[in-house]
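Just one chain is shown here, as structure tokens, and it is the form predicted on its own.
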Amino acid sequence: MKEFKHFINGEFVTSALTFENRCPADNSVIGTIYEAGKEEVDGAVRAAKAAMKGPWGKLSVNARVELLYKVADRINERFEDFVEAEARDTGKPKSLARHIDVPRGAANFKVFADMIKNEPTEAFRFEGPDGVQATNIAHRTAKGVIAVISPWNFPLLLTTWKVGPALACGNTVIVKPSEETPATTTLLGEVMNECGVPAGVFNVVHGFGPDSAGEFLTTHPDVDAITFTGETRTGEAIMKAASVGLRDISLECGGKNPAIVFADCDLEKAVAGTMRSVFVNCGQVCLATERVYVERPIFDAFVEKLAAAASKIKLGAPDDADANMGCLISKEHQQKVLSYYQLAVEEGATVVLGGGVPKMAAGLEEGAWVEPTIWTGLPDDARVVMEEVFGPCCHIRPFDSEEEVLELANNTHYGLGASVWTENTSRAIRVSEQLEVGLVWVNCWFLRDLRTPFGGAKQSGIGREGGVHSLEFYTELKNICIQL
């Protein structure tokens, strides 16, 4: 049994209220989490604000870069500690955590440390009509105290995706991790102390959203900006909170992402890529494919091949070396996903594969397990086609023309990501440009260069992070005009 304390001003502290941390693989209690109240959140914000005026605020870019490199290296030195913590919190296979979560978590610090050393700004020579001359120089300064609200599906990866550039730019942060997954963010506090990051630069408060740590943090008047990854409804609440004081926001929210598979694709590659985009991390990925549109000549073959591949998925506990899929994050989320499985049948779906709860080995029966599931035959306005499920499932529908499939793919309130499978380069570009999303992958999925913009359209979010776009969000850009 572990205790997950708040990390405030370089120290681990408790609070009056606590709640349970459970491993979703078997629903066992694995720890106690302290819930932050207004006092703890205010203490974290004051510590972060003070650190901006202390040694941290006076560090050179090179000194910050050196510290962030130390943090990345220390994460890698404690690699298995982070793997263990992430796997127990999420129920995902350790093989996945070793391949994606922890390496990317460490890389986020180094990538943005390198980026800040090469920050682009503007300079203009000006001559007015009266002959007055001036030089204008753009200069970036830290925005201040950043609230980071991070999700439970990739806790370390998506926390460091925001903390890395925020610290690289000279800000201080208060992280409110998901109440489901406190472990790796708390462990990151240990790493910060081990690497000599000044007290107050990195802070962690645990708790829930409304009337808890999340609300107290996002409404705090001394928080200068808020970055959030999670569901759209929570993003809307955060946007309202940020409007008081006109604080800046970056929101990466839900998705109902399409894959478009043309008849001229490399079929084996398209099946393998769609397998990954539908089922990786048990479908709990904001970019996951839940709608698959396949050109009619290859529709039957695609459905057959995808179902055959998905039927070989091995569900298992985090320590199971043969498992390539874990469980959902919680029993509550299991009930939500199962309700959509039932709704799909009620709406007229043909269940090609799955649709229920798998029979698991002894000791795992109480875990949040669901079967990988594939449907066909649903109408285009079915709720299962229109609403984000966030589970290991997809609906496959045939199409006959580019115009038709673009209309289908764009018929959603969301606009996060999409994938296009075709060997025709002109078609790939033509279709990609017309998709109403923030990210398009052609003949691949989730191939990420951290220098590129990341974010969604419509109800999938506001703003872009990644590369120079993160520098733009985490800094204030001022113009210095020097008359000559």
Ligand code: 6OD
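Start at 1 with the first residue shown and count on from there. Here the structure is a predicted model, which means the values were calculated and not measured.
One more form of this protein, predicted in complex with the named molecule, exists but is not displayed; see below.
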Proximity of residue 406 to the named molecule in the predicted complex, heavy atoms at 4.5 Å: no
Distance check, residue 153 to the named molecule in the predicted complex, heavy atom within 4.5 Å: yes
Residue 384 within 4.5 Å of the named molecule in the predicted complex, heavy atoms: no
Partner contact for residue 448 in the predicted complex: the named molecule, 4.5 angstroms, heavy atom: yes
Option touching the named molecule, based on a heavy atom within 4.5 Å in the predicted complex, out of 167, 287, 204, 271: 287
Candidate from 280, 323, 309, 157 lying within 4.5 Å of the named molecule in the predicted complex - any heavy atom: 157
Listed range touching the named molecule, judged in the predicted complex by heavy atoms within 4.5 Å, from 114-122, 79-87, 186-194, 157-165: 157-165
Partner contacts for 83-112, taking the named molecule in the predicted complex and a 4.5 Å heavy atom cut-off: 104
